[in-house]
Each structure stands twice: as structure tokens, then as C-alpha cells.
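The chain below stands alone and is given as C-alpha cells, in the form predicted alone.
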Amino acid sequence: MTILVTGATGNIGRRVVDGLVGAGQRVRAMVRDPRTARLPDGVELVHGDFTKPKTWQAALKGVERVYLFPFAYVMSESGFVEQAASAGVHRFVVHSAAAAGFSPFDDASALGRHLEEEREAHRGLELTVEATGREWTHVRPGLLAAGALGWASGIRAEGVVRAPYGESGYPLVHEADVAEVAVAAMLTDRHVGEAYTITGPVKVTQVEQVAAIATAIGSPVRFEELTPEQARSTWLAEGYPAETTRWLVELLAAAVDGPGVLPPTGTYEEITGRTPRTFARWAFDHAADFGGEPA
């Protein structure tokens, strides 16, 4: 059996590749540049791009199962999913997002508009897969711990994180947990037809995240709280679109006193029998990204 992993060089995709290789599977990775992929020995690297339909045939030849990266939704109308089904793929594991399971948003806030766009895009891809009549599992990660990598340059340069709402936080999920569920869905039949929202075990505030990173790298890191206005100005200066700065502030504000838009789920533990990896574990695993010693 040949399994195609799309998005194979991403944070989660790499872990999916590792898990499948570790399980003794024949893995093909669809990547834009095979020369720079740096994936494990034995993985078949094939050039493929969701924006270039002419590359799909070679990537899909002889493939029975596909790990579907979410960028596919950008090209869903061009038929990658349908071509995969026609080529003989009989199982899709969709890298989706927690927003796909939300009810439609009808509020006019920047956060509401963003979440509705996310919901429509990811649920749209899920529905495209379901319409093929093939087996499917939707893996819907919540906010990823990897989002903290946006602080890495500031930590390396100054030992400081500047952000609004230090007591805001979400149950950030380790990419390894998401990949582990995806691999289980790919290799066993008991997850067919299921949609899983995966989060970390508990809400972790931004202050707590910074403290965990400091412990992981063995150096002090200071959290400097910005006002929402200061944060928006900083992000605008860094090139963020104005609409993005608005919904980012609203996302953080929503999770100061409660769980925000996404409370913790017990899905990972239900599937694996283990508690999800903590943010502290994630920080240790990524210490080198913040200037510490490699884990």
C-alpha cells in the first residue's frame, strides 16, 4: 500500500511521515521541491503542487490513501480530491481545523468574520472529500502550540515577548498529537467516518507559555504586556493586514476569563489512552528554535 502525504514538510506533515515510516508503511511525499524536503530515508519524494494540476497524476499514481493538507481547499474547485478518487484513492485523512465543527457565525466582529471564513473553507474541503464516497476521517486541530514560534526571534534577540492580554490562553495542541491521530486514522478502520477536534490538555496563558519556554531553554524570558492598541500598531508595522490585527486582538480578549472560542477536548485521550502533550513538553521539544539546546 502506498500512502501519499501532502504538506509533508509542514509541522504536522513531517510528523505524519515519521509515524507512517515508523509503522513500516510505503510513503510518498508530495512536495514542491524534493531537493530541500529533508525527509526520512525511504520516503519517495515527488514534485507536486496544488496550484499545478499537471503535477497531480504522477503524485497520485498507485496511491491508496492520502493525508490531505488543508491548502487543498484553495484548489478544491480544480479537482485534486476528485482526481485522487478517480486514481484509486479509497481513504482520505483530512487535515482540517476546529473551526470546521463550529456553528455558522453571523456576528459582524473581525473574529466572527475570520472564524466563519475558516469554517467555510475547512468544512468545504471536508464536504468535497465526503462527496467522493470514499472513506474519510477529519482531523481538526485547535490552536497549535507552534504559533508560539512567532516569538522566537524576539526571545533569541532580547529575551522578551511583547503581546496583549498576558492572562489570555487556549489549550494549545502539540503537532505530534495531531499527527498521531492522523496516523491512527490512516492505518486503522475504527476512525472511518469520524471528525475529531484535537486540543491540548488545558488552557495555557501567554504568561505561562513564556515561562515554559524560559524553563526549556534555561534562560530568563520576560513577558511585556502591550495594550491592544500598541499590539495592533506593532503588528501593522510588521506587515500584518489590518483585519488580521483586529481578529487577533479579539481572539486573545475572548480567552482572558474563560476558554474563549475553544475549550479543551478529551479527544486525544479517548483515541490513544494517553493525556495530550503539554505546552511545557512542546517548549522542550522546540528549545532550539528559541536559542536553547536541541531536545
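Just so we're clear, the structure is a prediction, and the values are computed from it rather than from any experiment. Residue numbers here begin at 1 and follow the sequence given.
There is also a form predicted in complex with a small molecule; it is not shown, and the following applies to it.
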Candidate stretches 223 to 231, 49 to 57, 264 to 272, 237 to 245 - the one whose heavy atoms come within 4.5 Å of the small molecule in the model of the complex = 49 to 57
Output flag, Ala8, Gly13 and Arg32 jointly within 4.5 Å of the small molecule in the model of the complex, heavy atom basis | yes
Counting only non-hydrogen atoms and a 4.5 angstroms cut-off, does Pro141 reach the small molecule in the model of the complex?
-> yes
Using 4.5 Å between non-hydrogen atoms, is Val210 touching the small molecule in the model of the complex?
-> no
Contact flag, His191 vs the small molecule in the model of the complex, heavy atom cut 4.5 Å | no
Find out whether any non-hydrogen atom of Val181 is located within 4.5 angstroms of the small molecule in the model of the complex, and reply yes or no.
-> no
The one option of Thr137, Thr199, Gln206, Ser96 with any heavy atom within 4.5 Å of the small molecule in the model of the complex is Ser96
From the list Phe71, Tyr165, Trp151, Phe102, which entry has a heavy atom within 4.5 Å of the small molecule in the model of the complex?
-> Phe71
